[in-house]
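One chain is shown next in structure tokens, namely the form predicted on its own.
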Amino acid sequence: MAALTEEQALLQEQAKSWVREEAPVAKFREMRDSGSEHGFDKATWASMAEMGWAGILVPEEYGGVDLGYLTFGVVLEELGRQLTASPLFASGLVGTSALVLSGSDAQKQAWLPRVAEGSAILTLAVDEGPRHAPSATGLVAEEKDGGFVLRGSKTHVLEGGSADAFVVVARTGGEPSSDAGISLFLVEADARGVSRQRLVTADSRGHARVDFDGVEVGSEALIGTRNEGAPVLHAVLDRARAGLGAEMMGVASQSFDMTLDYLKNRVQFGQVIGSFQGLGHRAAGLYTEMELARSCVEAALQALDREADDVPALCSLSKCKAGEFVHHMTNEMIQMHGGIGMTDEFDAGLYLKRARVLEATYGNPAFHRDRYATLKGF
């Protein structure tokens, strides 16, 4: 990790110790096997909230600690190492960022203190198809009696089955595949016309399809300015992508450590297999990839904290490089472990499944290569 402040270093040690003792991958396996409808353990989430992690990005005036994105990334990486499932990312980072960036004071007062204490889950509802395409929003918000009526559906909504409210991306004007006419709305999950269906995903987390069938909201539900929500949306998504980069580094780093440990201890033909030149070269190559990806992830998080001009490019670079590495690393972990790596009893498969979902969330590497090139003028 980058040079951390004393406070960040202490939080990193706290997170590392807590995750290993209270929320290791074995606990995730128990949650998965129990068929939990939430996709996370409520007691685990309550403990995380008690430690103040849900309020890392929430301003102090709303009950948080406002420690920044690099600090949040420190925690997300440790959670990624043990596949710890929780709404922390979806609510504490993504939902929180939307309100901090563009929410009204009334919206912040109503939701940020609850998000910070973990008593409410706020998540983003953006995508409508199998691929990430925020500008292709088709969910319509029509004006009616001084408010709006929402009609449409969102899919693969993170923590969609457990959320108390959604930041809904809707079209109030413009044409599909255009940023013009996009607006954001804060919609409570128990509003009339909102229904949700749990989606069974490879990583056994709490994704859902959410339908908005004639959902009526007042003008106070609008986040920011009507028809001008695209810049805020893209800013929120960049923050989400930087956070995903940190979690992917946790997944990939733990996969590397597990593989390296196996190479040091597995004996074949009278020798530990790590002494075989071919495997040693592969491990060295993976370490180089890991450090390159880490530098990209840290650059994006630090750019967000200093509000740099190149945040969009750095966040796409981070998401792309971390996604490519976690894909390669989890594949190599399975291959180097051989037959045992293919069994469900071994944890390698759990890491690979989580990696594949993280790679696709909010844009896969191909999406971000294209976006990065466009931002750089190619």
Partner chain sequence: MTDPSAELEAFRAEVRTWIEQNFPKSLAGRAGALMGGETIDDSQREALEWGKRLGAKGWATPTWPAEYGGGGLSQTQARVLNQELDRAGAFNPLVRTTGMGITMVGPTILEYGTEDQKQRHIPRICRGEVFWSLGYSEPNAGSDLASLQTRAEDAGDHWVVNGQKTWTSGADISDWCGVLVRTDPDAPKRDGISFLMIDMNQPGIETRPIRLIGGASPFCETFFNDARAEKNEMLGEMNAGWTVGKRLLQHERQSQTGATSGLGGGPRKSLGDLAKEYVGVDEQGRLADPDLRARVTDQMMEAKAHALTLARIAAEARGNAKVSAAASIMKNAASTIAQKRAELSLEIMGSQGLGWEGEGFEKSELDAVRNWLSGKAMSIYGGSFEIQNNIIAKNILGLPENTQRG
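Positions refer to the first chain, counted from 1. Keep in mind that what you see is a predicted model, and the values were worked out from it rather than measured.
Same protein, other form: the form predicted in complex with its partner chain, not shown, and the subject of what follows.
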Self-check item: Answer option from 182, 296, 304, 187, heavy atom within 4.5 Å of its partner chain in the model of the complex
Solution: 296
Exercise. Identify which of 194, 235, 260, 149 has a heavy atom within 4.5 Å of its partner chain in the model of the complex; exactly one of them does.
Key: 260
Practice problem: Verify the flagged residues 281, 288 and 320 against its partner chain in the model of the complex: is each one within 4.5 Å by a non-hydrogen atom? | Solution: yes
Quiz prompt | Stretch in contact, per heavy atom within 4.5 angstroms of its partner chain in the model of the complex, of 23-31, 36-44, 311-319, 58-66 | solution = 311-319
Quiz item: Using 4.5 Å between non-hydrogen atoms, is residue 131 touching its partner chain in the model of the complex?
Solution: no
Exercise. May I ask you to state whether residue 292 is within 4.5 Å of its partner chain in the model of the complex, using heavy atom distances?
Key: yes
Quiz item: Is the gap between residue 369 and its partner chain in the model of the complex 4.5 Å or less for some heavy atom pair?
Solution: yes
Practice problem: Would you please decide whether residue 110 lies within 4.5 angstroms of its partner chain in the model of the complex, comparing each non-hydrogen atom pair? | Solution: no
